[in-house]
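As a starting point, one isolated chain is supplied in structure tokens, in the form predicted on its own.
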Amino acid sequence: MNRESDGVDDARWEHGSDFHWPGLDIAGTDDDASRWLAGLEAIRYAAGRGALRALLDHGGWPRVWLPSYVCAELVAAVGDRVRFYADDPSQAQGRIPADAQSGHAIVRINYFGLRRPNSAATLRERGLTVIDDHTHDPCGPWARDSDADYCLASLRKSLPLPDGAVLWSPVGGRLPSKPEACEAAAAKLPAMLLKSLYLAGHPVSKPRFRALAIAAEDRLAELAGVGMSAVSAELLECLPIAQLRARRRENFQAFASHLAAEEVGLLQPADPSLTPFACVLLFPSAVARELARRRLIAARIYPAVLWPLDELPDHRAMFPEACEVADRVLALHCDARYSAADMQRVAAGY
């Protein structure tokens, strides 16, 4: 496959792992998604976990309910206030427990951008404060039409940014104070730039940019609740977000149409118009998942395990359904770094 047209040397071709900085020839401020995001009365943070922690400290809720299928970073952000309710990507929506009381907060997640908009009205009638996490599709229909008390999204998970997250209130709720911009949060940008040069065939050391990326993630984890860097804020203005979302949707469809494996399932969006965050495969067993993961890595395809749940105490006994799904899931990126031809190659590599 000739990759010179999009700046990637075929000998260096790989799929997945950290973002590299893409070449951009279209300003991002002229599409509806970019305008909507820029027009939000939002507080910008370096990372989603910091946004959630700042909101919870601001709101002071004594209990915060997280879905049972959740990343460890959000659990750590909630701390001792955390309680769990049953929800995972195989369900249309979570099962809210009877002991979620008035005055508590509940976090809902649009897993992998696969869910339709879901009103918060019923939960609010029970006296719960509703916080929606739209990390997997920050400008999708649920995010844009939300009636939750608060919404947050880690922009750096779906966009090529070294750091960045947003927190807003669709119903005009009081937000935390704006944090100071933190330039240390943008430490991943050198790794993104070096990876871009590496993929184009330049004499760049892969171990070097990987080490920079890992160190930057560790640094970001240390920066609790700081503001988005000025670098990321400027880069965000350059991103054609609507086009990036459209490419994700097209890439998902290209992968789905070329996946021939009958023994593995592909999680589908609730509506064809939705934009999946990734191609999420559901294997028949944890063993089958691990064999596929090794096979993909050997083909320079680096899937993500989203998320391991065994590090959460007693979780397997309390939420066997969520853990069973987590054991069998692999996520393959389908963002705008890749073309339909790339996604066909990934499907064939599986």
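Worth saying up front: this structure is predicted, and the values here are computed from it rather than measured. For every residue, the number given is its place in the sequence shown, counted from 1.
What comes next is about the form predicted together with a small molecule, which is not displayed.
Enquirer: Looking at K195, R156, R115, R248, which is the one with a non-hydrogen atom within 4.5 Å of the small molecule in the predicted complex?
Expert: Exactly one residue meets the criterion: R156.
Enquirer: Could you tell me which one of A213, I109, L167, V130 places a heavy atom within 4.5 Å of the small molecule in the predicted complex?
Expert: Answer to the contact question: I109.
Enquirer: Is there a heavy atom of A47 no more than 4.5 Å from a heavy atom of the small molecule in the predicted complex?
Expert: The answer is yes: A47 has a heavy atom within 4.5 Å of the small molecule.
Enquirer: Please run the contact check for T135 against the small molecule in the predicted complex: heavy atoms, 4.5 angstroms, yes or no?
Expert: Although the small molecule is absent here, T135 would touch it in the predicted complex, with heavy atoms inside 4.5 Å.
Enquirer: Can you check whether C71 is within 4.5 Å of the small molecule in the predicted complex, heavy atom basis?
Expert: C71: yes, in contact with the small molecule in the predicted complex.
Enquirer: W61: heavy atom within 4.5 Å of the small molecule in the predicted complex?
Expert: Residue-level check for W61: no, no contact with the small molecule.
Enquirer: Look at the stretches 259-267, 72-80, 176-184, 86-94 and give the one with heavy atoms within 4.5 Å of the small molecule in the predicted complex.
Expert: Looking at the other structure, the answer is 72-80.
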